[in-house]
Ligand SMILES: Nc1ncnc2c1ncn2[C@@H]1O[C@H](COP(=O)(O)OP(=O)(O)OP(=O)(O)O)[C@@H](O)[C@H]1O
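A single chain, nothing else alongside it, follows as structure tokens in the form predicted on its own.
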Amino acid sequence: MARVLIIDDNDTMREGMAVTLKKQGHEVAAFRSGAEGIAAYQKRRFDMVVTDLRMEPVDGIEVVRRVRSHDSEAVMMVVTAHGTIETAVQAMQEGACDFITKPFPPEVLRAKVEKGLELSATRRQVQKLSAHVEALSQDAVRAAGSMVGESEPVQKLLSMVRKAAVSDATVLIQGESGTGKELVARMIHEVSPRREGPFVVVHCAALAETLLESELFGHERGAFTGAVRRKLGRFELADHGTLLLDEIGEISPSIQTKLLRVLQEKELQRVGGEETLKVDVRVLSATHRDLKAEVASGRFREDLYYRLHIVPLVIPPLRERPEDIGMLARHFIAKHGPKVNPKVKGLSDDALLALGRYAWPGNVRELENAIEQALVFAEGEQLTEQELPAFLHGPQARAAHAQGALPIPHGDRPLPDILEDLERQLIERAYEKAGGVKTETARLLGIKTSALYYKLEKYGFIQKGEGGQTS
């Protein structure tokens, strides 16, 4: 049984349509003016509206317009005694799905109403499915560990991720080191129709050319020295799933050529093999390089660039979303605190200010590393400025950060290694200045003696078990 709204200022016509549709088993509400019918629909949704065209002062065209503005999925049919092409076209343009010309027999009304109700049911089902898919997409983004932040750049990026995920197009994720390119790739996979398939990552910069070719495409036994058995490549392992090519800008011209063929033909050959294998893989790629500039310099194939660049996503660096720093810091306290220092529950205002003053060249990864280090030294329930890594506090640090200077050169080394070296150097200098006296070293560093023992053991200044000594 469906709910049908009838609007007609002719009493005989209105009552006749109502009787016909009630006999068909439908629930019918009938009104003699357009204003009454509109008000009724705004109070309760109907599955279909049948309205007369010529009424005063609110005619059928206005009824269609206002009901559709209230409910874009409303199914409307116009009844008119003036069945011209012009009125039919106008009714359709305003959103009516059909029209019927007076006079008409009951069976024609029943047939047209049934057709309209089928359309109504379809529209409602699509509406429900769309809402369900959107909810699933948002849940999947959260389940994949979506980017922490409420800033406009992050929200814009997440919106683009949801839109990109539903297609099967290749996506190029660009961003500085430490911004979370692999995280975004995982989010795309988790929201996509391929989420039940594998998610496979290849770190292109970490492998030599010959090893990378084998990793990507696999090899046959005996293909080269050391190939004692057949190996499936990452493309095969990612079949019916998603493959992330991380740091795609580092691959050689030879690999670029072979990769282009796979993207174009959806097929490959293992190294040393002759069999052509079909693969069904969605390819995502990530890079910290400007691939367009690499193309201009001749280091990257232009045709491959356009194959990868169908959907571009750019992750904003942390310095462009400073309002997210506090939220990220608290997120990392909640993430690492239970294991490193359970008593820490938050961070102080001075610590938040210190974090906000820094430019974060290593982005979110550098911030996470700094918070994890600070948790080791924290004494209270809140991280303070003095418990943050040395490069984040003190007058000299503030002056350097205000000028945009980096505490140490980065080169090509991983950020955690750089930060560990800095920490080790600071402890070594303080230890030498204190003449090897641990309590004095801890005082110079401004940390607890117990935290100092942990660091001295970590960096090999003392042997494990010497922590009970106070010299």
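Numbers follow the displayed sequence, beginning with 1. Predicted model only: the values in this text are computed from it and were never measured.
The same protein also exists as the form predicted in complex with this ligand; that form is not shown, yet it is the one meant from here on.
A.B. asks: Determine whether any heavy atom of residue 302 comes within 4.5 Å of a heavy atom of this ligand in the model of the complex, and answer yes or no.
C.D. replies: Taking the distances in the model of the complex, the answer for residue 302 is no, it never comes within 4.5 Å of this ligand.
A.B. asks: Mark residue 365 yes when one of its heavy atoms lies within 4.5 Å of a heavy atom of this ligand in the model of the complex, and no otherwise.
C.D. replies: Residue 365: contacts this ligand in the model of the complex.
A.B. asks: Classify residue 389 as contacting or not contacting this ligand in the model of the complex by the rule of any non-hydrogen atom within 4.5 angstroms, answering yes or no.
C.D. replies: Close contact is absent here: in the model of the complex, residue 389 is far from this ligand, nothing within 4.5 Å, heavy atoms only.
A.B. asks: State yes or no: in the model of the complex, is some non-hydrogen atom of residue 180 no more than 4.5 angstroms from a non-hydrogen atom of this ligand?
C.D. replies: Residue 180 belongs to the contact set for this ligand.
A.B. asks: Pick from 350-358, 324-332, 193-201, 224-232: which stretch has a heavy atom within 4.5 Å of this ligand in the model of the complex?
C.D. replies: Comparing against this ligand in the model of the complex, the contact stretch is 324-332.
A.B. asks: Taking 9, 64 and 98 as the candidate spot, are all three within 4.5 angstroms of this ligand in the model of the complex by heavy atoms?
C.D. replies: Zero of three within 4.5 Å in the model of the complex.
A.B. asks: Find the only residue in 94, 250, 176, 294 having a heavy atom within 4.5 Å of this ligand in the model of the complex.
C.D. replies: Exactly one listed residue reaches within 4.5 Å, namely 176.
A.B. asks: Report the residue, out of 77, 344, 370, 147, that has at least one non-hydrogen atom within 4.5 angstroms of this ligand in the model of the complex.
C.D. replies: Looking at the other structure, the residue within range turns out to be 147.
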